[in-house]
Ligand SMILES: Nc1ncnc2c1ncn2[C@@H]1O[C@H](COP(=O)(O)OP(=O)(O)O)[C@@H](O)[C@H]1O
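Before any questions on binding or motion, here is one chain by itself as structure tokens, the form predicted alone.
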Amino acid sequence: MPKKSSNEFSLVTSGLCHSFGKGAATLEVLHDIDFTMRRGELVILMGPSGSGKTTLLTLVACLRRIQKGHVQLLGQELSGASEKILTRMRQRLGFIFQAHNLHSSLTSIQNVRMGLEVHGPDALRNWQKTCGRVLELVGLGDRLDYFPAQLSGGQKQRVAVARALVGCPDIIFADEPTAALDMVTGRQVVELLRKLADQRGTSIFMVTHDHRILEYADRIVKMEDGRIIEDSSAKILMK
């Protein structure tokens, strides 16, 4: 695997391949993916359905085991890593998905609290203050005790964003975070992520089909048939 400075790059992949099935039914879905993401960079990954975007995200986000090739996440090699290491790495990550996945029986602040639970009892000592502050950051300081049924779709997604942010992750992985949102709310969510990248140096890896938010990216990476076919500065592509 090529040497990359762990201070500069939050994510490096080399020769990454992945397949599903066995024997004659084997289907290779990723082919020799070489990719890097710098700290504080917002990268958008695009491509048609079935191109391998979500598979790539689950591999680099410690949600699926590496079969072939290398992934170096925050300086840690994931290929061959133990479950203990993978669990520890997931604690340094934030996740946002198209479905907000909020618990209907919990209030906003209680849902955000779940993002702290993976960090152990020390992180929970002042959880109300910590979670309340993050909800204020996403514009929901007056909705702490609201249940999901009392929130709009955009507000639910902001609670999900707050849950991802509350543990101060080094990287946020987002899979279609704006797909279910209207244009205004979708832009507000991505603006928040952009600010996080700029102010905290958090890396953002986002899979999306949403062309309305491309201007917020540093780079736009395009996939097709399990391969990266384009990796360009967003400024170049937006001209």
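The numbering used is simple: start at 1 and walk along the sequence shown. Keep in mind that what you see is a predicted model, and the values were worked out from it rather than measured.
This protein has a second form, the form predicted together with the ligand, left out of what is shown; the following refers to that one.
Region of this chain that lies against the ligand in the model of the complex, out of 66 to 74, 44 to 52, 166 to 174, 185 to 193 [heavy atom, 4.5 Å]: Selected range: 44 to 52.
Contact test in the model of the complex: I213 vs the ligand, heavy atoms, 4.5 Å: I213: no contact with the ligand in the model of the complex.
Partner proximity in the model of the complex: V29 to the ligand, non-hydrogen atom cutoff 4.5 Å: Yes, contact at 4.5 Å.
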